[in-house]
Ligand SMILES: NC(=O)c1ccc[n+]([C@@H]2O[C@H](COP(=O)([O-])OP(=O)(O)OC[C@H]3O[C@@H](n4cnc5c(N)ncnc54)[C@H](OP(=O)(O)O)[C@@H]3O)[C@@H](O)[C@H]2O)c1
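Okay, here we've got a single chain as structure tokens, the form predicted alone, with questions on binding and movement later.
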């Protein structure tokens, strides 16, 4: 059986749906079963907390493959310990492009630490390293609706944003097909867009003028702190903004197409699916 952590999150929710469509038996782990009420009766729901190891053993019983989303290295350690005892054989870990090399991960070293912990755990592993999620654009919805503008400290940087649906599709293959053990996949969308070009796409889809306005890191930090983000996350994102503006994210890969057999979705396709969120 497959266990999905983070099933109420952006990728986990998509993954649960895709696996259900294949008829695979799955279990989802959540701290609050009410958040997964739409899955009730369709999947096995286990309540537990990745930060409380004593709650993990029952959730992992009978599980051989695991989709893992964590927010700390300690959580990975707890899952690995419980997973080994439960007989888990393969972990598909949602990581990030920032774990690729030490230089890239200087400002978010914990991503690389988590990968290394899993890599040397003795369990089979697959790392998924996506770039910016297209769903991050939902953070701009309010100002797009009210002002016809979105604010972001991206400068002239370009990024191959990816639809979370495509990340989930790769995860589904890695969890159900052989040959993905010991692999790390760099997951991108098919286009390398600037934020100005994203504004043009939104203009076309929403049929009203949308513009992009660059902001300073200081302004972005103020907003993130007001939103209640932990300080280590704020610091990591500031580092990511700098990487983005430097042009180091100006690339695309064919890993999604190679693994799933189809081209990843474009930003415009994603916008059309989520159009009502911006109206």
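Numbering follows the first chain given and starts at 1. Remember, predicted model here, so these are calculated numbers, not experimental data.
Here the subject shifts to the form predicted together with this ligand, a form of this protein not shown in this document.
A.B. asks: Quick one: of 121, 200, 96, 191, which gets a non-hydrogen atom within 4.5 angstroms of this ligand in the predicted complex?
C.D. replies: It is 96.
A.B. asks: Of 133, 125, 185, 140, which one comes within 4.5 Å of this ligand in the predicted complex, counting heavy atoms only?
C.D. replies: Residue within 4.5 Å of the partner: 133.
A.B. asks: Just to confirm, residue 219 within 4.5 Å of this ligand in the predicted complex by heavy atoms?
C.D. replies: The answer is no: residue 219 has no heavy atom within 4.5 Å of this ligand.
A.B. asks: At the 4.5 Å heavy atom threshold, is residue 7 in contact with this ligand in the predicted complex?
C.D. replies: Residue 7: contacts this ligand in the predicted complex.
A.B. asks: Can you work out whether residue 16 and this ligand are in contact in the predicted complex, taking contact to mean some heavy atom pair no more than 4.5 Å apart?
C.D. replies: No, residue 16 sits far enough from this ligand in the predicted complex that none of its heavy atoms falls within 4.5 Å.
A.B. asks: Contact with this ligand in the predicted complex for residue 224, defined as at least one heavy atom pair within 4.5 Å: yes or no?
C.D. replies: No, residue 224 stays farther than 4.5 Å from this ligand in the predicted complex.
A.B. asks: Does each of 180, 252 and 259 have at least one heavy atom within 4.5 Å of this ligand in the predicted complex?
C.D. replies: No, none of the three is in contact.
A.B. asks: The chain here is shown without this ligand. Which stretch in 224 to 232, 66 to 74, 206 to 214, 242 to 250 comes within 4.5 angstroms of it in the predicted complex, by heavy atom distance?
C.D. replies: Contact criterion met by 66 to 74 only.
A.B. asks: Within 4.5 Å of this ligand in the predicted complex, which residues of 48 to 70 have a heavy atom? Give them in sequence order, or say none.
C.D. replies: Heavy-atom contacts within 4.5 Å come from 48, 49, 50, 51, 69, 70.
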